[in-house]
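Taken one at a time, structure 1 and structure 2 that follow are two forms of one protein chain, written as structure tokens.
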Structure 1
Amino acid sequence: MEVISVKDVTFKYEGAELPVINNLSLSVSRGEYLCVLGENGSGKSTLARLINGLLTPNSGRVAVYGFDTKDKDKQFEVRKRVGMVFQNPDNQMVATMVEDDIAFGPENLGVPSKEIGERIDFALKSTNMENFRFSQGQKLSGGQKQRVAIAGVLAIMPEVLILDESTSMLDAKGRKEVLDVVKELNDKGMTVITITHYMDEAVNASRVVVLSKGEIVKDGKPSEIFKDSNELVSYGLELPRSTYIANKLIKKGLPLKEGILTAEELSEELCKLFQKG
């Protein structure tokens, strides 16, 4: 089932010479884990903002569960369904205390107080943040702050979760915490769109889209996307490190399987190889 449809969309910021998004079309199905890759300035953050209606296209149409993002009356219908987590963990919290911040979304939607309490329980549980309910946001680590941001979005009960470079300011531990939560949400059926320039994060996705100069230049499974390194480099990207090592070794004549993406796969293949030999 198609949940998001982007059709022939062009978008230009006021005063800019060139459009950031250039006649782009994209369809996202329910339950997908879509990773959008692209160098800085490729238009990926703009695409995210077009999908939840923070921006509306100059031409073309973006529809979320059939609701046109241009339709002002249906704005909440769009945003209720598409939650978005942003880059800077410090800039998304409205309230000082975790619990109050998570309540912000449902309060806006006019959810009764008792149900808000239940939603907070659910959101904290889903992000493994139960122990921080009464904490001051300021005292949390980067990874914890971003999980609170996700919880704040989950309290709106969205169908789709967009992460706009939400891990780029985190350390390795924080990134893992956030990615684990996202993976779990996706396993339970949430549609996920993650925008990143960490190649290692794309490996988790069910589908990868590469953006360059406002256009989709590649669309496929991670293993297909990471086949051709030269092409990726021309888009300002690179291979995941494990894929880089595997490809180099294959080129040198080692009989490894194609499409290695993770450290685990690479290790396993290499061990098999040496045990045989």
Structure 2
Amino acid sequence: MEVISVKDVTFKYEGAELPVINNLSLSVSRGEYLCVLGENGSGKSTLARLINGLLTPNSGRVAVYGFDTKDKDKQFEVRKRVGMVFQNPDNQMVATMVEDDIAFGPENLGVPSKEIGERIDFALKSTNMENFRFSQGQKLSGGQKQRVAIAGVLAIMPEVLILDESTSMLDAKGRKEVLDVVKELNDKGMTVITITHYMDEAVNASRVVVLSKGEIVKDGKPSEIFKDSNELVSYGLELPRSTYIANKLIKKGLPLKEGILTAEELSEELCKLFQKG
């Protein structure tokens, strides 16, 4: 089932000479894990905001579950279904205590108090933040803050989760923590769209789209997208680091599994070789 439809969309910021999104069309199905890649200025974050209804196209149409984002009477329905986690979790935190921060969204939706408590429980459990329910948000680590930001969005019970450069301020450990949560949610059926410039984050996606100058230049499975490293370079991108290392080791004669490898898969392959040796 199609949950998001972007049809012939063009968007230009006021005062800009050229559009940042240029006649772009994209369809997203329920349960997909879509990763949108592209160098700075390619239109990734603008596309995310168009899908969420924070921006509306100059031409073309964006629909979420059939609701046109240009229809002001339907914007509430759009944002209820599409939750967005932004780059800086501090910009999303509105309360001092974690529990109150997560409750903010459901309260504004008019959710009954008893159900809000249930949603807080669900969101904390989903993000492995149950032990931080009564903690002060500003005292958490970057990765923990981002988990709270995700929990706050989950409490709204969205059907689509968009992460807009949500791991760019985190270290490698923090990024992995957040991505593990996201993958688990997707495995449970949530549609996920992640906007990133980290190639490693695309490995677990079911589909990857590459943007360049506001247009889709590649669309396919990770194995298809990362097949031609020279083409990626032309769009300002590169192979995931684990795949790059694996390819180098294969050229040196190590019998590793070919294809797109996550860091964990590469570690497992190397451990097997060491055990044999």
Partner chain sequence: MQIISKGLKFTYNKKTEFKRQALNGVDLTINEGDFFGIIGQTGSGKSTFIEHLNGLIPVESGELTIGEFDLSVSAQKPKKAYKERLKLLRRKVGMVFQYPEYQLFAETVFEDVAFGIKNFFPEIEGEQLALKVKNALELVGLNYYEVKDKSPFELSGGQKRRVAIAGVLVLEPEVLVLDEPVAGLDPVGKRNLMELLHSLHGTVLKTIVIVSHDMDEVSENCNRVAVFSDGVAVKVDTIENIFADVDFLVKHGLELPLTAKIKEDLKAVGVDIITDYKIDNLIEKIYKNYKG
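Nothing here was measured: the structure is a model prediction, and the numbers come from that model. Structure 1 provides the reference sequence; residues are numbered from 1 along it. Heads up, when I say rigid core I mean the largest set of C-alphas that superpose within 1.5 Å between the two forms.
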Between 1 and 2, where do we have the form predicted in complex with its partner chain?
1
Is residue 192 on the same rigid part as residue 55, between the two structures? Assign each C-alpha by whichever superposition fits it better.
yes
Here the smaller rigid part turns relative to the larger between the two structures; that angle in degrees is 22
Distance moved by the residue 250 C-alpha between the two structures (core-aligned, Å)
6.4
